[in-house]
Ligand SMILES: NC(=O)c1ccc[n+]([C@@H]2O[C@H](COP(=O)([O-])OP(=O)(O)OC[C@H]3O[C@@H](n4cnc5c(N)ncnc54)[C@H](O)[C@@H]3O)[C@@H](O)[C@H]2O)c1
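One chain comes next, on its own, written out as structure tokens in the form predicted alone.
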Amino acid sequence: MDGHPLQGRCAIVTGAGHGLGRAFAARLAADGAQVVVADLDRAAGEAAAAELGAAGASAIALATDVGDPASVEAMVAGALGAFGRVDILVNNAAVFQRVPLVDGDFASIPLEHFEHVLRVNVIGMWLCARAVVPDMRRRAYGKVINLSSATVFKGAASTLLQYVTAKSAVLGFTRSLARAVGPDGIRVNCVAPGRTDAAGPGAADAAAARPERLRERAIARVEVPADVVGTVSFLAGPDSDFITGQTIVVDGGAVMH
């Protein structure tokens, strides 16, 4: 395949206008895929797609709210209209936001915020998978890659309870979806990165927690997007065709399971 294992494939990456999602889109494009940059931030998505195009890749940007069923259906219709197929879905879009608590009590997390995090981080993944699976089934092949977080194996402070709860649900969603669509030739796996230093929302917060993170890791250095993209590339490509329902932790050995 001349170093392009995804030649002829189409990949949708949600949340691809910033941070890890943007890095995933760039790596899959380098692997030969046609890429749909889906992001709620239209300007960021268009900038990312333009960057890929300037590098010689085939890429389009689609403004997408993964928590909105109509927006998700429009995203997949746009991908099919542009490229005629969807082979890979990287479910990356997520909400990461600490909330101020009353006396540090988890019970003071606003209900509307908890519901919003679940809608984007869990229901959004289901909506995206539901939208792409019919085309994958028609060709008896597909890859769904869900992004969780290594934090789910340790828990976190009350200010992130809603985020860790949602990201924990992703593990169960991955396993159950893998069972449901395995007979159709569709593989479903999960990647759980550690806190990653990347441009975009949450980067400043990640930098502030750096000393504690480094002490936890067997490989004691800062995690960057380049540390994670290879795992996503592997799961998207043919070398992982007999792997499904798995969660791969990429965090420098802070979590071992």
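The first residue of the sequence shown is number 1, and the count goes up from there. Note that this is a predicted model, so its numbers are computed, not measured.
What comes next is about the form predicted in complex with this ligand, which is not displayed.
A residue is said to contact a partner when one of its heavy atoms sits within 4.5 Å of a partner heavy atom; Arg98 meets this definition for this ligand in the predicted bound form. Looking at Val66, you'd find a heavy atom of it within 4.5 angstroms of this ligand in the predicted bound form.
This ligand is not drawn, but in the predicted bound form it has a heavy atom within 4.5 Å of Arg195. In the predicted bound form, no heavy atom of Val133 sits within 4.5 Å of this ligand.
Looking at this ligand in the predicted bound form, residues Gly21, Ser149 and Lys167 each place a heavy atom within 4.5 Å of it. Contact with this ligand in the predicted bound form, judged by any heavy atom within 4.5 Å, is made by just one of Asp227, Glu216, Asp41, Glu51: Asp41. Of the residues given (Leu177, Val86, Ala93, Leu127), Ala93 alone sits with a heavy atom within 4.5 Å of this ligand in the predicted bound form. Stretch-level contact analysis of 180 to 188, 102 to 110, 140 to 148, 76 to 84 against this ligand in the predicted bound form, using heavy atoms and a 4.5 Å limit, identifies 140 to 148. Pairwise change in the predicted bound form: Gln97 and Gly19 C-alpha atoms lie closer than in the shown form, at least 3 Å.
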